[in-house]
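Take a look at this single chain in structure tokens; it is the form predicted alone.
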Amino acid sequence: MTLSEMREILKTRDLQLTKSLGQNFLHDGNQLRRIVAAAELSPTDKVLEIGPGLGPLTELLLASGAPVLAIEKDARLATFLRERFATTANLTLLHDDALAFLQRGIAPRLPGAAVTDATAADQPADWSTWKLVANLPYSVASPILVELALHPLRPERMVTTLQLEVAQRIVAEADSEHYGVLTLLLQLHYTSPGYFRIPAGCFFPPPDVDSACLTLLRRPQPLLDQRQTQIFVRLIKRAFSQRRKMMLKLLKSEWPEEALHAAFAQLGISPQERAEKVGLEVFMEFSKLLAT
């Protein structure tokens, strides 16, 4: 879909884009193809697309032969997409709030899936054999990625267009400007081969921020068990709750001071250390100690 085609559709249907929904549509064919290439799709994959908009990425995803579940919040765009892909067999389109849908934890149904007595009732979601490939609405990109990453049955790959700053936060290293809670929540479960920048002119309307497409690959084995992961999440959220304060003082509101001093000593962390100086591996070991 070219920019002129996109403009014509919006004009013909009198569709006014809504800034609050993060409606900046990627129209550059080269960038769209790069995103699909990063996903490494095959017909046996299952694809989750969030925020398909007018469907330029959806079209390429469907061409892979993989079944695609697309979730669109804007009712006007959902109607357009149903018309555009009316004869497409491998697309399931939901008009829904994607974050709310994920938080409900209900298993999606794809084309061709038989509905039996066992499946008629809502089943828990299992994303473990899925790939997220999406130009995520920037206003909800981080919560969506965290929701999927913390799911026990998380996607095997996530290829997403984000604000450049968010991509930098996700791949950041300790003691750097962008390092923080989002970094640790994603890196606990995913590694990244990196991202590529997408110029603002590739979108309509052009966003006010720089963009990037980031690839995340699920770690082969979980680094922490379920209880340790729950403590890890509590630990880093509290540790970064006031970034400039010493971590030990912040953690005292959650755990006994004696246990904290013992953990700091065992891990070689200075009592004056701030959370931004502490790496993923140390936070993991800290979580294990607090879990005992």
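Keep in mind the model is a prediction, meaning the values are calculated, not measured. A residue's number is simply how far along the shown sequence it sits, counting from 1.
Although not depicted, the form predicted together with a small molecule is the subject of the following passage.
Not displayed here, the small molecule is kept clear of residue 155 by more than 4.5 Å at the level of heavy atoms in the predicted complex.
With a 4.5 Å cutoff on heavy atoms, residue 73 counts as touching the small molecule in the predicted complex. A residue is said to contact a partner when one of its heavy atoms sits within 4.5 Å of a partner heavy atom; residue 136 meets this definition for the small molecule in the predicted complex.
Proximity of residue 280 to the small molecule in the predicted complex falls outside the 4.5 Å heavy atom cutoff. A heavy atom within 4.5 Å of the small molecule in the predicted complex is found for one listed residue only; from 164, 149, 174, 140, this is 140. Heavy atoms within 4.5 Å of the small molecule in the predicted complex belong, among the stretches 249 to 257, 46 to 54, 262 to 270, 225 to 233, to residues of 46 to 54.
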